[in-house]
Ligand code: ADP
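Take a look at this single chain, the form predicted alone, given in structure tokens.
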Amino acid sequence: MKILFASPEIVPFAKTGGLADVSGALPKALEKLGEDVTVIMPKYRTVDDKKFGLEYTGKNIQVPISNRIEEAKIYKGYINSGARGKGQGASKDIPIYFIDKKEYYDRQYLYGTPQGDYPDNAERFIYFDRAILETCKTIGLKPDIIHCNDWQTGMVPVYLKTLYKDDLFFKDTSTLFTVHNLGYQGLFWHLDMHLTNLGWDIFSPDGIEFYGKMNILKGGLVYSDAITTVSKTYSQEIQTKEYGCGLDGVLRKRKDDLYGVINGIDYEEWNPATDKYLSAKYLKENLSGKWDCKKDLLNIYGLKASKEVPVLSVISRLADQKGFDLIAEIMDDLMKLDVQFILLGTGEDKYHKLFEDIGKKYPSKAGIKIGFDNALSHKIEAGADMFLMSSRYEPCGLNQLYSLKYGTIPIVRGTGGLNDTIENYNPVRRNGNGFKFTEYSSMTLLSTIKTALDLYRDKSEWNRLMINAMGEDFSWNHSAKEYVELYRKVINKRIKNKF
């Protein structure tokens, strides 16, 4: 199959969250299964030509937006698939195309500043979506399926079913739309409709209208041939009022085309036995290197290391979704216990201030770093003892999966992908891989942490738990096979409908 994978962010080129990790790893896994994969994204400021070995293709696209035509350049690079050896070149690597439109994408941030979203995000990503289709035509790529990811690609299925529906170039092209987080929908005022070059007939409850606004993610849900989200539990949750973010009715209507596929992780990137960022490597058969990683981590944060004092860690986007109100409520009680707390993250200003204040209040027990640091995130996964995810909702979550591989025990709320991947440890049966609670309350969170701390004092049991965790396999191989089956199902459905 010819698969075009479209995403607004992809590791290592640009990242704000887990979507970038998924978008960097899944195409490689698909390629290893023998599929023909091409990737496309915007050319942000972070996408450096020399660093990533990009070349201008010599081709430009003319993209209609509102009442004008805007030109963009097409750049090309490669993602190493790891499937057929190393090296540069199309025969060994996955081609990735970049839409170079400096007015839209050459900015300090991807979607907005810490103070808020860019006011022209509707224009930036409506343009990107139509540019995806125009790029296909310009480079002669006829995809069997376009795999779209999150609201920033939500207009691609809309365009294929409207403006491009009679375009013979796309007569064999289907779409699959993946919702990574339903909370981010691409909501814009109705007067932005002119940017789409579409008639007002699609601005309706059956189209992209949403309480008087234009909803780009809804476009992906309504017009795509199939929908996936990133865990089985989340696929059920988003069909309810509590988790549906106002789109539960749309999702229930399309329930027969909605699938949950758990995210995988890239063990070439996340593996304590080979991780280039670690001061020492380790395996589940020999955990001694983890102590060296702990000492290295605490040295970076200016804290004293002790085998008897467990380190609780958080790496996260600092947003309401992630349950930081619960952590804030218990922090004083937590700091009375024999623990250390480490955080790395960036996001909303109120949480920047909250955690900076915690760091000042407990300088010998809490280490806080506001920002994004890939190398440090690896060191935290290896050096911490426990990893905290108290999310209000969590479509999949990746850090709990990284933590398992590094023997850093997840403490999670049982929602979405956290529920699907973490099983409470049972000291009698000695099975399970972490600690899980259900009720969204600070006291339940604190109680679960205390349960984990009690087990930590029993080194034999804790080692058993670490070995269980490190033995889990959440590689992309299984999930990629599920996607391949879905692609085939969608393509076959299109062929069947033709006749």
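Numbers follow the displayed sequence, beginning with 1. Since the structure is predicted, the reported quantities are computational estimates derived from the model, not experimental observations.
Beyond what is shown, the protein has a form predicted together with adenosine-5'-diphosphate (ADP); the following relates to that form.
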item: Proximity to adenosine-5'-diphosphate (ADP) in the predicted bound form (heavy atom, within 4.5 Å), stretch among 334-342, 162-170, 98-106, 372-380; value: 372-380
item: Close approach of Asn419 to adenosine-5'-diphosphate (ADP) in the predicted bound form, 4.5 Å, heavy atom; value: no
item: Thr346: touches adenosine-5'-diphosphate (ADP) in the predicted bound form, heavy atom cutoff 4.5 angstroms; value: yes
item: Touches adenosine-5'-diphosphate (ADP) in the predicted bound form: Lys218 (any heavy atom, 4.5 Å); value: no
item: Exercise: Lys322 in contact with adenosine-5'-diphosphate (ADP) in the predicted bound form, heavy atom 4.5 Å; value: yes
item: Partner-contacting position among Lys213, Lys232, Arg317, Arg392 - heavy atom within 4.5 Å of adenosine-5'-diphosphate (ADP) in the predicted bound form; value: Arg317
